[in-house]
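First comes one chain, alone, set out as structure tokens in the form predicted on its own.
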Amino acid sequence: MRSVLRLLEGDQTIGRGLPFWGLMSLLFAGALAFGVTAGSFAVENCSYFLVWVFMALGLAFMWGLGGTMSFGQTAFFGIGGYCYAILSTNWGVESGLTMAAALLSLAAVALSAAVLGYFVFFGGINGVLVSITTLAVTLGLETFLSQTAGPKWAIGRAELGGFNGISSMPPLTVPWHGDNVEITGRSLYFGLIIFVAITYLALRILANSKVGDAMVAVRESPLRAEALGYDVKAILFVGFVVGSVLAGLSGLLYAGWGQYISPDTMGLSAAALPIIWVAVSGKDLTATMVGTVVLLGLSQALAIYGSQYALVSLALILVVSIMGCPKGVFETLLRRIDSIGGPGDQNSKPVRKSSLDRSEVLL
């Protein structure tokens, strides 16, 4: 138990001590209370926000810790969503196999990420070329799926639909007393809140484990990390697969939430959004989780009142935040809150410091 608590409050993540966890508990309780008291539309809308948090957390994990900036998050988002749509449409809600479809979709995303990651990292691609390669894969997948209109582009009962995408697939269901209960509305919202919390805590533990320390070592100096015995390619590969699977999770949850998926979710604008969320929020997991929800709410408000200027406004926010807060707006705020205890307090420890100074211990 002590080892788990130590990993939750390690140096690679912001936030430690009773005040931080008390505040996080209040936020969690408030989110649950909102699901009980708010109207159906507001709950559905917040579920939409939560669906995207997994993809943002995955990018924060691979980029913030390992230094791998990927434009491929929406590609794996699309793979997860399309796989779920195809499998669930063919099996049907009456079979009660939508959860199996979700698990198989995640397996397909993991396999796709492993194949791409193998050729990228073990093929010697690094730095900015990783971003270019993943962007090319994303746009290529979007272009292909956009040209799949007509009955000839069908897998079983599921027609890919070209630009129109796939619609009317079943939502997620769970067997209950001989029947299949749909996970929609408030039940989906509560499930997402709990699942986001579990994913966040699991990523904190992983980030503060030897895996996270190794990723930071590689991020700070790949040559020195390799000299100290780290398998740099394998470390980057693992971070990439973990982050991509979380993007695929967002994709299948999106398909289950809206019962719709289209190639638009993999376009250039869509591919840039996770980068904006993480860059503006800060590459820390806590900052990304909070910042993504706030930015999604702001994006929706801009889309309602500013129409076509929504994405332009987000781009301006990105430029201003990079100039004013290079480490991210929310990460900067959390750093200051985390250091309130003063120089002698445990809370004043720097976050996400390089593990190169203790690599010998890890080895």
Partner chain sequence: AESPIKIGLLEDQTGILAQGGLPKVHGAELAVAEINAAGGVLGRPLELVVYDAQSDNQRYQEFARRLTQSDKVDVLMGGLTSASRVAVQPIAERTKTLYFYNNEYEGGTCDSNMAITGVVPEQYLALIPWMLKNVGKKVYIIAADYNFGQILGLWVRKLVKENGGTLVGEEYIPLSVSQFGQTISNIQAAKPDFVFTAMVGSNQVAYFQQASAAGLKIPMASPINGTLLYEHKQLPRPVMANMYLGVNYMEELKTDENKGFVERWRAKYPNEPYINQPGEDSYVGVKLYAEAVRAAGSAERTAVIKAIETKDICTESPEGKICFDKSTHHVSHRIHIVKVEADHSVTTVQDLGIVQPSWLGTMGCDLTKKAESKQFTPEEPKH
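Residue numbers count along the first chain shown, from 1. This structure is a prediction, so every number in the text was calculated from the model and none was measured.
There is another form of the same protein, the form predicted together with its partner chain; it is not shown, and what comes next is about it.
Taking the partner from elsewhere, no residue among Phe195, Thr286 and Phe330 has a non-hydrogen atom within 4.5 angstroms of its partner chain in the predicted bound form. Contact annotation for Tyr260: at least one heavy atom lies within 4.5 Å of its partner chain in the predicted bound form.
For the chain shown alone, Trp176 is not a contact residue for its partner chain in the predicted bound form, no non-hydrogen atom being within 4.5 angstroms. In the predicted bound form, at least one heavy atom of Asn164 sits within 4.5 Å of a heavy atom of its partner chain.
By the criterion of a heavy atom within 4.5 Å, Ala29 is excluded from the residues contacting its partner chain in the predicted bound form. Stretch-level contact analysis of 241 to 249, 286 to 294, 148 to 156, 84 to 92 against its partner chain in the predicted bound form, using heavy atoms and a 4.5 Å limit, identifies 148 to 156. Residues are counted as partner-facing when one of their heavy atoms sits within 4.5 Å of its partner chain in the predicted bound form; in 42 to 67 these are Glu44, Asn45, Tyr48, Trp52, in sequence order.
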